[in-house]
Each structure stands twice: as structure tokens, then as C-alpha cells.
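The data below hold one chain only, encoded as C-alpha cells and taken in the form predicted alone.
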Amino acid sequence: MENLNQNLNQNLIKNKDKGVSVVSEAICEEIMGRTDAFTAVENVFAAMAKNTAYNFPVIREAIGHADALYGFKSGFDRDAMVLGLKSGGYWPGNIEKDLTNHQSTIILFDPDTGKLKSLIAGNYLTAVRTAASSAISIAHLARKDAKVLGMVGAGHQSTFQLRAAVEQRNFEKVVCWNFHPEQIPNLAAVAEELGLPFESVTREELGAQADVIITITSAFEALIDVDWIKPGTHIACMGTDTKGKQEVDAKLLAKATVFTDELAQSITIGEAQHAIASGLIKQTDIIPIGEVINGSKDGRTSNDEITLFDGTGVGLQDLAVASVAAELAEAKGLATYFNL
């Protein structure tokens, strides 16, 4: 292992003079695993809670063409020395073109000089970093004895969510509901591959059975009613990242202990926006997950407590996983290069 690390470090040194590195989707999928993504995102959440990593204001707009949303997320992680942005958005018609609805590219700069450093394909990395985020919330907030995982949503991102989630607890069953029932077999196939029984259920049945619920949709209405959630449930709301979007009853946030990736996004474009606007909760009621990771705030305090993670998706997540992907690709000789 020591010789391997030495060789990787030597390759990184050699590659510094090659120019701007480019890492393709195929290479990202080859080298970036769930463990690396989990560690990268957990570390950046911890840095955010220490105020040593900063997300810059998000730009996100409807472009008036193809029903697309497009924007930029950016930031700087002083601990890891990672600076950059993700450019991309959501094209709802892409599924009909055999493309993923989310399309993005991540751009990294040298924090010491501002020079362009790397261009990294962002579609796969967006999926694994989002899954890592919910997995982190499960690791820190779900009951240790959680047995049933509920999935609200069965689109492309749901398969990443499922694979990451089952690594955090000893789940014995997966239950699912989706707007489009024809998509459910894709998620069922992943559950079968993982050796887990799978059942398609109503939303109310899902709430009655699930110990952990992941919502990963593009909904603009509450899909889960507060009265359907049993004591001790952990909910990871991962689909709400735009003003107006909503996945769960706002009253659920008043009943739960609420955590988030970033407070500023949670109250403006995250799941908490509706509970805040209705006066059901205050900004001070929401706990950054990084504070739980750092040990400065408690996570779950009882088996009956309902916990909710508002995963809005921050630029620093993208930069964290992209930085690791670029380093791995460069060290393994898998990146390509160009000079401006």
C-alpha cells in the first residue's frame, strides 16, 4: 500500500505541468466510489459547520426553453483548498432522449493563483454526492435498529440513493411509491440485486412501515402527510432545491427535529421554505448536519424522535467529490490534459 501511495503521489507531481486536467463521465464512474464520496461530503459538511468552507450565492433560473432550469453553485473550502463551481441544471425532457435530466460540469481553480485547474464531468458525481448526503444523514440520525427503508421516488437518482442508504443500516426490506409506477421495476431490480425484499405500496402504507424514508422527486406539492409518519422515523428530503418545490407536509417539520446541509438554502429553496413561510418553525430550529458530525450538536436524542434532513444540495458537495475524482484520475494516469 505504501508503494502504491508513493506512485500515486509521484504521478500527481508529474501531472502538475501538463496543464488543465479533464475527467470524463466514464472515468468518474470508474474511479469514484460511494465510500470516497461519503468521506468527501462528510468532511465538507464538517468544514462548513466550522466556517472554514463557504458556499457562494446560488444562481438558478428558468431559461425559457425546454422547460429547463439552469444555474451555478460555487464555493471555497479552505481546509481542503478547493475552489470552483458547478454549472448545469435540469432538463425534464431529457429522459425521452436517453439522457439524464440533470446535466452539469464542475470547474476547479487553483486557490493560490485563480488559474483553471480541472474540468470534471458532473452528472455521475452529482448523483453520488446527493446519495452520499442522505447516507450521511442516515448514519448520524437514523435509529440503529432501523429495518425498513421507504423510497418516495423511483427515477434515476433513486438507485444511487438506495445503494448508499443500505450501507448505513441493516435494512431488511424496501418499500416504494412513485408518481410513475412504470419506473418502479428499475428500483426493484436494484433491491433484488442487493438481496432485499421490495414492495410497491401507497404513500400512507409507506409511512406506516418505513423506519427511514428518502424522498427524491421533483414535486411541487406535499407527497407525505404528517399523520402518516410513525415515531422514531428518519426522513431525508432530497428533492427540494428550488423555490416552490415541496415533498412533505410542512407540519412534519414542526413535529420533527430538523437538520440540513446549509441553513441559508434550507430556508429559501429547501424543504424548510414552506414551514418557515408559514411560521411553523424558525431558522434557529434547524441544525446544520456538520455540527452533528463535529460533535458540537446532538443528533437523535431518543428512539421516538422524528428526525428530518433537508438536503438542498450545495456547491461544496460537488467541489468536494470533483476534487477527489480529479486527484484520483490524475494519479492513476486516467485524466487528459490541455493548455489554454
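Numbering starts at 1 and follows the sequence shown. Note that the structure is predicted; figures quoted are calculated from it, not measured.
As for the form predicted in complex with a small molecule, it is not shown, yet the points below apply to it.
Residue contact check: Lys245 to the small molecule in the predicted bound form, 4.5 Å heavy atom: Answer yes; at least one heavy atom of Lys245 falls within 4.5 Å of the small molecule in the predicted bound form.
The small molecule contact at Asp241 in the predicted bound form, heavy atom, 4.5 Å: Judged by the heavy-atom cut-off of 4.5 Å, Asp241 is in contact with the small molecule in the predicted bound form.
4.5 Å heavy atom contact, Gly153 to the small molecule in the predicted bound form: Yes, Gly153 sits close enough to the small molecule in the predicted bound form that at least one of its heavy atoms falls within 4.5 Å.
Partner contact for Tyr90 in the predicted bound form: the small molecule, 4.5 angstroms, heavy atom: Result yes; Tyr90 sits at the interface with the small molecule in the predicted bound form.
Heavy atom distance at most 4.5 Å to the small molecule in the predicted bound form, all of Ser74, Gln103 and Thr105: The answer is no; none of Ser74, Gln103 and Thr105 reaches the small molecule.
Per-stretch contact check against the small molecule in the predicted bound form, the hit in 205-213, 137-145, 176-184, 111-119 (non-hydrogen atom, 4.5 angstroms): One stretch meets the cut-off, namely 176-184.
Answer option from Thr257, Gln168, Thr233, Thr126, heavy atom within 4.5 Å of the small molecule in the predicted bound form: Filtering the options by heavy-atom distance leaves Thr126.
Interface residue in the predicted bound form among Asn94, Ser218, Thr268, Ser200, criterion: non-hydrogen atom within 4.5 angstroms of the small molecule: Only one listed residue qualifies here, and that residue is Ser218.
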